[in-house]
Ligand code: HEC
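Presented below, as structure tokens, is a lone chain in the form predicted alone.
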Amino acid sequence: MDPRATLGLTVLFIVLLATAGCRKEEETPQGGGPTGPTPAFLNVPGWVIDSIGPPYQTPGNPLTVEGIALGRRLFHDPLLSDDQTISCATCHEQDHAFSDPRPFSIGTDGSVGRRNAMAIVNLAWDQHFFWDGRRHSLEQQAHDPVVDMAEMRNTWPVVVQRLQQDPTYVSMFMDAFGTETVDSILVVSAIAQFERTLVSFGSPFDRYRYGGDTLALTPAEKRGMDLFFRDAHCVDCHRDVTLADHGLRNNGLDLLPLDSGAYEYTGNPSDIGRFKVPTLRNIAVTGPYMHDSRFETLEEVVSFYANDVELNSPNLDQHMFPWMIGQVDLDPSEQADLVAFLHALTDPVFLTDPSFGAP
């Protein structure tokens, strides 16, 4: 095995052992058997850990086989919605990298959301959730859609009552958390565990850049990759390896944003127009694009960055400085190459892995 891969796996193993130790010290209820639930490990290449470190871990909620199985079932179960017609998976479809191909998701009563449902990809390494970054863990994120009046329109007491009356769920909660008493904290903990397993590092780009497969990319894709990491400045905000960013940024979409972004919950005028930077992994299957779904195709997105960035937008992010000084100048051929590279970020195994589908 490559020494870098061995080191990466060793680091992950140590981190997970340490996490398990903390769980014992906190006397968190155990399930699954005499020694508690079975520890689980993310299936990621060693170079991922070497590059960006281990995933973030919410204290008291380590990955377990039983917790992931419970979270998977909950993620795909419409029982969470008021009329039992919508599940998490309804608006986060696997073949679209767990995003919604509709411009805006539709709630149980026909209400239409106002922001595109983001992809769930490699969020185990993320710190901000929702377009406005208002939640800071996957557990917190999983809480909101259930009670959102434009989404599931339910209440947590109703959800808990339904789960408590289901013998299968009661048994699964016992296995995962060592208790037959269901509550909202355990529900979101299980969903978050499942979502942390949604990792994607198997694209042609990965095979070329990290696997040494010189034939994994076409000439156009290679040219697009060079642009991505150099003259097009895409990497300034979509950083290797996750091709995402932990910041909230104004990328110059509008002079006067109709959606004020992070400002809605911070109240800070400097946050007007700032949004989460999404991952570009599997981007070819996650359209439409931007928080308001204004672009239907990747060609439109690249054309925007090549020609239409609003440089006078208030709070324009400092990462857009290359645009301000005229460094980004992409002709039609270069734009086509960049789009070709973005298609090479698609991981077909991730989109079809049966372990992510409905149980």
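Just count from 1 along the sequence shown to find any residue number. Being a predicted model, the structure only gives us computed values, none of them experimental.
Missing here is the form predicted in complex with the ligand; even so, the following discussion is about that form.
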>> Taking a heavy atom within 4.5 Å as contact, would all three of Gly53, Thr242 and Ala336 count as contacting the ligand in the model of the complex?
In response: no
>> Just to confirm, with a 4.5 Å cut-off on non-hydrogen atoms, which of Val199, Met225, Val182, Cys234 contacts the ligand in the model of the complex?
In response: Cys234
> Using a 4.5 Å cut on heavy atoms, which of Tyr263, Tyr210, Trp125, Trp131 is close to the ligand in the model of the complex?
Replying inline: Trp131
>> Only one of 158-166, 173-181, 115-123, 201-209 has heavy atoms within 4.5 Å of the ligand in the model of the complex; I'd like to know which.
In response: 115-123
> So in the model of the complex, does any heavy atom of Ile283 sit within 4.5 Å of the ligand?
Replying inline: yes
> Are any of the heavy atoms in Ala97 no more than 4.5 Å from a heavy atom of the ligand in the model of the complex?
Replying inline: no
> Hey, in the model of the complex, does His238 get a heavy atom within 4.5 angstroms of the ligand?
Replying inline: yes
> Is there a non-hydrogen atom of Ile106 within 4.5 angstroms of a non-hydrogen atom of the ligand in the model of the complex?
Replying inline: yes
>> Just to make sure I understand: among 316-332, which residues lie within 4.5 Å of the ligand in the model of the complex, judging by heavy atoms?
In response: Asp317, His319, Met320, Trp323
